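First, one chain by itself in structure tokens, the form predicted on its own.
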């Protein structure tokens, strides 16, 4: 048995709708998500002893407030909670928060940890501000920023390399957007719910060859939260705790050009570690909740995690296997391509959706009989790869 397998479980989740909300403050997203998570967990708010907010990118002052215990005070937990601290690593923040929170629980340093995120990337900053942010955040200021590197270029370079190595077609990459949108159509919290076709994706504006605009994530306002506790306490709170069964991660680079395998990143090693700790295999996974800031990264994860053979992921998605009713439901909230990209909250939302599915609370998009799910996150210029396996039973 691994160090964390089956020792902790998520018992409550909360989330506000993602989109463009000019009048809704980021703190409202955070507090409402926390309120929902506390109610969902069935605990008293005074039982929360640790709060871990992740980073907010739209506003430095707001981010500082989250670091310096505003959530504690807003929830009326001053002199009750014992700690408030931030864990932030861009899109991989959820993977690192999960490990941190589970470690605190497993070692007895905490009883109930509330993890929360909120951001306003759609309306809290200008369009140019968003462009400037994602032309520099996590990109080497010495070796890449001066030469015009930005995230659309990074995604495009990855797509070109992946297509070259695997034979994946542009249409197959576009089909990832269709798969995600089919799930978003069923998600009332998603920003974009209108059906989309491969042809529409291919006809959208070219951002950076071969990346089309509709293959790019959509910046949004939003927030989400989850509560993690011990497995013993979880069984007293809910009939379907969602246990952390295995996790793995690997840092592969800081400067994008220095990664030696851009079409696998660190997901091979992260996945192997997670499967080993969980005592499960790719064939056991009922759902794949995969980080999707751009379409290509879901295909990379499908193959690197052993869910598809090398060069098979594009055809697999295009054939409908990851759509609603398919054999391997993938990114069932619509992901950042359709639900919306809220900074570190993109991976938060994917983790919350993982728990929602395994608790049987996903409504129209519920995957019948789901027991095990693999969830991923990655941050910066895809500098680190995280894989976690969850289940509503302990194998």
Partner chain sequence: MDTSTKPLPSVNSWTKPFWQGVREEKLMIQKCTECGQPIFYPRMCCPFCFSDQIEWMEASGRGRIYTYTIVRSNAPSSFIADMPFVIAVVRLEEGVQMLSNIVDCEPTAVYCEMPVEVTFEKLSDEFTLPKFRPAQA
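Fair warning: this is a prediction, and the values are worked out from it, not measured in the lab. Numbering follows the first chain given and starts at 1.
Just so it is clear, the following notes concern the form predicted together with the partner chain, a form of the same protein that is not shown.
Undergrad: Please pick, from 286, 269, 185, 259, the one residue with any non-hydrogen atom lying within 4.5 angstroms of the partner chain in the predicted bound form.
TA: Checking each option against the partner chain in the predicted bound form, the one that comes within 4.5 Å is 259.
Undergrad: Pick from 150, 99, 321, 214: which has a non-hydrogen atom within 4.5 Å of the partner chain in the predicted bound form?
TA: Residue within 4.5 Å of the partner: 150.
Undergrad: Can you tell me which of 105 to 113, 189 to 197, 123 to 131, 175 to 183 lies within 4.5 Å of the partner chain in the predicted bound form, counting heavy atoms only?
TA: Among the candidates, contact is made by 123 to 131.
Undergrad: Give a yes/no on whether residue 82 approaches the partner chain to within 4.5 Å in the predicted bound form, heavy atoms considered.
TA: No, residue 82 stays farther than 4.5 Å from the partner chain in the predicted bound form.
Undergrad: Closest heavy atom of residue 240 to the partner chain in the predicted bound form, within 4.5 Å or not?
TA: Residue 240: no, not in contact with the partner chain in the predicted bound form.
Undergrad: Within 4.5 Å, heavy atoms only: does residue 169 come near the partner chain in the predicted bound form?
TA: No, no contact at 4.5 Å.
Undergrad: Can you tell me if residue 209 lies within 4.5 angstroms of the partner chain in the predicted bound form, counting non-hydrogen atoms only?
TA: Yes, residue 209 sits close enough to the partner chain in the predicted bound form that at least one of its heavy atoms falls within 4.5 Å.
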